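As a starting point, one isolated chain is supplied in structure tokens, in the form predicted alone.
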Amino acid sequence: MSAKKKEYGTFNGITMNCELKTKERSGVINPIFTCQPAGAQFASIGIRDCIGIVHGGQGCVMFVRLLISQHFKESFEIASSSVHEDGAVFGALNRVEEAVDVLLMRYPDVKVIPIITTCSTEVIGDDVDGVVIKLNEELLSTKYAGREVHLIPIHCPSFVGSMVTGYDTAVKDFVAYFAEKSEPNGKINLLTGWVNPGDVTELKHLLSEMEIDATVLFEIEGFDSPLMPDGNHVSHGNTTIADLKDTANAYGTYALNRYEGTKAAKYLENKFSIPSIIGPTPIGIRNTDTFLKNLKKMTGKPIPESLVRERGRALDALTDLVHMFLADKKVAIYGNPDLVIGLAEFCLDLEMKPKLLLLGDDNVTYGDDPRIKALQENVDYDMEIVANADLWDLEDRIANQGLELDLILGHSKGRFVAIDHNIPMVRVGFPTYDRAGLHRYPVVGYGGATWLAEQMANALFTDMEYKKNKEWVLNVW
């Protein structure tokens, strides 16, 4: 991706611009993202009766499970084919066959088994598609005859793309495998993207208020799991096989995120003529308004007075904070691209100044994103958007290039940059593990707008107290 600069004009004789560019060095220091298989694993945990097999070394599962478990503070199931040195030399398809057999023996309720490749097994050229055909013809038709089992190859070479592209690929592969045309179901498909249980609850609330029947994919609300009298339960998603099959019978598909669900939405549009709407991610008042208007357009359902009042309460909460505390605060944001762009748009609406946006993968289409083009057209100060970035890009600009920040927004992996440079930080995105319970709160919808703004304000309040900086401002209330 070549650098793209859009000059906005001059202010006090200084040319303002918003520049989109790639990282200027090779190699990665403190990555923002992990790899494609992680995204495929995150998608798979949203499906009921599903346990994925990651075809690669044990670390390809262990470290991803650690991240997801740290984030949700919950237990769940993902398996590994546990490829060792001999498999890397001679091929390891026998490990897939053994893994499927063991998984089906130990878990009698499992019906969906995605087989997720990794860099090592893609490099050695293991024919995962071929072994799925073999298992269907031999193992499943004999030892497990009469049992419903779906083996789905998902190709995730981790030397390209990121966990975001892996998630997008897996969502499309699941939908393409199961979608089955029958009778219209009177529903829409809602592809949430990479969200938290709190986001799903908020989205369901908005749909319920509009009386819209929707199939929510891939449904991780259940990862806020209860501890019951009869013992702890392994967390699982709530999207069923029937839900996935029925995606072909909806009258519309709404993908909240451009980079986390578009492939599946376009597949359903091209294969079954189901119209789709892509985004914008409903972060902040403006984007939530657009989300509801698009739902009204897709379904014909009116936006009820209850949501108008919710919007009003959110606006009132933001008005309490914007002029006095948030305006002109300089922000750096990193994480999943749809989240980063949505947060940047929200910050701009709060009169804040996102100075640096870090997108952690090498997606060459960022320059075509209409949201980024809008930033380039309308931002009236210097802003950098860096693709294929890492957290050294953040630290280097602070430590060596004079970037002054009032706030950092991002997941827990960047906390040491905030600590070392004494900059307040609000944790948002995946993975977040050094603050309690954040996955229970939404960042989408009117509820998410209120929560985010108050989190940012509280971080700034705490920083003012800690640094003894303008504490008198807090006395106005």
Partner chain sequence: MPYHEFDCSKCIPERKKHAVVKGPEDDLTKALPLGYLNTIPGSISERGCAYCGAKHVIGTPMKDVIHISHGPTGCTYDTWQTKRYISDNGNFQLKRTFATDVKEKHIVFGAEKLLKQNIIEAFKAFPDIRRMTIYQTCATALIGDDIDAIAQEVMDEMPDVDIFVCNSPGFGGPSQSGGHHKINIAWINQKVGNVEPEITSDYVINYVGEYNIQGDQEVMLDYFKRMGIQVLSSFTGNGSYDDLRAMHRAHLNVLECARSAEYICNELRVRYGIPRLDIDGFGFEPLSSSLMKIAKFFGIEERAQKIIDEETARWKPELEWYKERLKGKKICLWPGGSKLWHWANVIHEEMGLDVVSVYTKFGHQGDMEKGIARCEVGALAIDDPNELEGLEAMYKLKPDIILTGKRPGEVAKKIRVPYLNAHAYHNGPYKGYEGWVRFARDIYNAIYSPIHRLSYLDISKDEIPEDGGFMTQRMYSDVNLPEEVTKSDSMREYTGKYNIIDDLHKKEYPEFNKKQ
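The structure presented is a predicted model; accordingly, all values stated were derived computationally and were not measured. Numbering follows the first chain given and starts at 1.
Not pictured, yet referred to below: the form predicted in complex with its partner chain.
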Query raised in the report: Heavy atoms within 4.5 Å of its partner chain in the predicted bound form: which stretch among 146 to 154, 347 to 355, 97 to 105, 314 to 322?
Result: 97 to 105
Query raised in the report: So which of Leu438, Ile45, Met425, Val64 reaches within 4.5 angstroms of its partner chain in the predicted bound form, heavy atom to heavy atom?
Result: Val64
Query raised in the report: Among Pro197, Gly237, Gly161, Pro280, which has any heavy atom within 4.5 Å of its partner chain in the predicted bound form?
Result: Gly161
Report task. Check whether Ser75 has any heavy atom within 4.5 Å of a heavy atom of its partner chain in the predicted bound form, and answer yes or no. Result -> yes
**Report entry** Arg309, heavy atom within 4.5 angstroms of its partner chain in the predicted bound form
**Finding:** no
Requested in this report: Using the partner position in the predicted bound form, report whether Gln376 sits within 4.5 Å of its partner chain, counting heavy atoms only.
Outcome: no
Query raised in the report: Heavy atom to heavy atom, is Asp380 within 4.5 Å of its partner chain in the predicted bound form?
Result: no
Query raised in the report: Relative to its partner chain in the predicted bound form, which residues of 277 to 314 have a heavy atom no more than 4.5 Å away?
Result: none
